[in-house]
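Below sits a lone chain in structure tokens, taken as the form predicted alone.
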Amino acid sequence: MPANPHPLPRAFFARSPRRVARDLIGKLLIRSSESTYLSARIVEVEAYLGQNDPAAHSSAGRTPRNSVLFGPPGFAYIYFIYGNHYCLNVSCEPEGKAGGVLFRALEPLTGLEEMARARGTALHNSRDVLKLTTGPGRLAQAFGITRSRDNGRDLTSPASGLWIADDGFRAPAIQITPRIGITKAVARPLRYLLANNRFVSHVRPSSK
């Protein structure tokens, strides 16, 4: 278990998705219960800027499906994509203003065997570890994240069982690139990643 992780306060998320995304690099995602403790370092995220961002789910306005993105901040927004996997986001901005950050990759720290079981795979070598949480669908599966289970979950509270924490780690270098896997607003530099981390997906050149 990482040393003394403490949950991020709600005020951390009540800011621009750009700032939240950058500051999330190096933090921890934790799934905890009486029988489970999974933790992984956040190494790749993407910011989505709300109604002024054509690529954001909130761009067309508030709906029952995307209402979590309109606040309050610090809550999980989960969606199902391509008919086969879930994606984890956290709501940003003060309540009433849409914004979010998508989790794209994690570096697993504790509970790797349980993550592998959830992914339906086994850990034979270091390359197998890379398959656990590299990519939004993989990390959601490894952490048992689904829309029915986790949409609207409070990511600032350990009592929720899925939360984001700070253990004192500080990213030595952060790269910024355009977002990937989208068809709108593709040139915006809103993808943030821990430089030289092997768990990052599709590494591209930095654009600081």
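We number the residues from 1 along the sequence you see. Bear in mind the structure is a predicted one, so any value in this text is a computation, not a measurement.
There is also a form predicted together with the DNA; it is not shown, and the following applies to it.
Colleague: Taking the DNA as it sits in the predicted complex, is residue 137 near enough to touch it, meaning that at least one heavy atom pair lies within 4.5 angstroms?
Modeller: Residue 137 belongs to the contact set for the DNA.
Colleague: How about residue 35: is it within 4.5 Å of the DNA in the predicted complex, going by heavy atoms?
Modeller: Because no heavy atom of residue 35 falls inside 4.5 Å of the DNA in the predicted complex, the answer is no.
Colleague: Is residue 122 near the DNA? Define near as a heavy atom within 4.5 Å, in the predicted complex.
Modeller: Residue-level check for residue 122: no, no contact with the DNA.
Colleague: Is there a non-hydrogen atom of residue 27 within 4.5 angstroms of a non-hydrogen atom of the DNA in the predicted complex?
Modeller: Result no; residue 27 lies far from the DNA in the predicted complex.
Colleague: Select, from the options 27-35, 59-67, 152-160, 168-176, the stretch whose residues sit within 4.5 angstroms of the DNA in the predicted complex by heavy atom distance.
Modeller: Single hit among the candidates: 59-67.
Colleague: Whether 9, 41 and 143 jointly form a contact site for the DNA in the predicted complex is the question; each needs a heavy atom within 4.5 Å.
Modeller: The answer is no; none of 9, 41 and 143 reaches the DNA.
Colleague: Does anything in 86-112 come within 4.5 Å of the DNA in the predicted complex by heavy atoms, and if so which residues, in order?
Modeller: Contacts from 86-112: 87, 89, 102, 104.
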